[in-house]
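Heads up, the chain below is alone and in the form predicted alone; it's given as structure tokens.
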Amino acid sequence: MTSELIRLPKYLARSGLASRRAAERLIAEGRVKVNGIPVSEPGIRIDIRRDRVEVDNIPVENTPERKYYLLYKPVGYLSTVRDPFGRPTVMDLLPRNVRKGLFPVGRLDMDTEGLILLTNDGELAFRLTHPRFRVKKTYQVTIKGRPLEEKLLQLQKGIILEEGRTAPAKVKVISAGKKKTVLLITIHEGKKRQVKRMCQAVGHPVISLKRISYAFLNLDGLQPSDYRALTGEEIRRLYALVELKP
């Protein structure tokens, strides 16, 4: 039998168990075994034809059916599979038979609504959230006050945050009044609470935030809590976008 070697985190991601970053955490926590032996180094390579992999003593399947869903997340739900404090998560919005094995691609804050992807395809999820592929995300942002042109230019050119300057953003004014302004902001990064922190930095705190598009996907036809499966063409386009072969 011919060997087929692959890094362990990539194998776990391909299996649909978790994203590649989450898989590395599982390994570091000592929850992964290869042929019955616990491993803690993410750089280990395994032979997917011969080696037996377990997570929490449960065998990992290498080729589950891949699933892809788009969800309109409402405010009040966490973008995680489970919460230790029992708070509602996006998984609660899906029927049990649908949500099995799925996890969110990236995160939206609990008080943020909008488009989020759910899949069991760890490799695709890893690439969609990796800065290298510059996947665009557009947010409808309601902020306090009416920003001057110079403030909008600051948002467009980049804001200095604790971890460094943000990349240039696309900013469009939808409506403006004395008390609040509605913007469309498009970014390709994924810094924690990035849009909120950018607006706060120019003196216009966010009142509400909604992600209306992710790459070429949008919320057309969906209401909060609605979800749908991605079409075959949409999946192919996502794979092409991040230079991944189906």
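As the structure is a prediction and not an experimental result, all values here were calculated from the model. Heads up: residue numbers just count along the shown sequence, starting at 1.
This next part talks about the form predicted in complex with a small molecule, which is not shown.
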Next on the checklist: Considering non-hydrogen atoms and a 4.5 Å limit, does the small molecule approach Gln154 in the model of the complex?
Outcome noted: no
Next on the checklist: Lys180 versus the small molecule, in the model of the complex: is there a non-hydrogen atom within 4.5 Å?
Outcome noted: no
Next on the checklist: Please determine whether Tyr77 contacts the small molecule in the model of the complex, using a 4.5 Å cut-off between heavy atoms.
Outcome noted: no
Next on the checklist: Is Asp92 near the small molecule? Define near as a heavy atom within 4.5 Å, in the model of the complex.
Outcome noted: no
Checklist entry - Considering Ala215, Val195, Ile27, Val53, which brings a non-hydrogen atom within 4.5 Å of the small molecule in the model of the complex? => result Val195
Next on the checklist: Please tell me which of Phe126, Phe103, Tyr139, Tyr72 lies within 4.5 Å of the small molecule in the model of the complex, judged by heavy atoms.
Outcome noted: Tyr139
Checklist entry - Out of the stretches listed (81-89, 105-113, 126-134, 160-168), which one is close to the small molecule in the model of the complex, meaning heavy atoms within 4.5 Å? => result 105-113
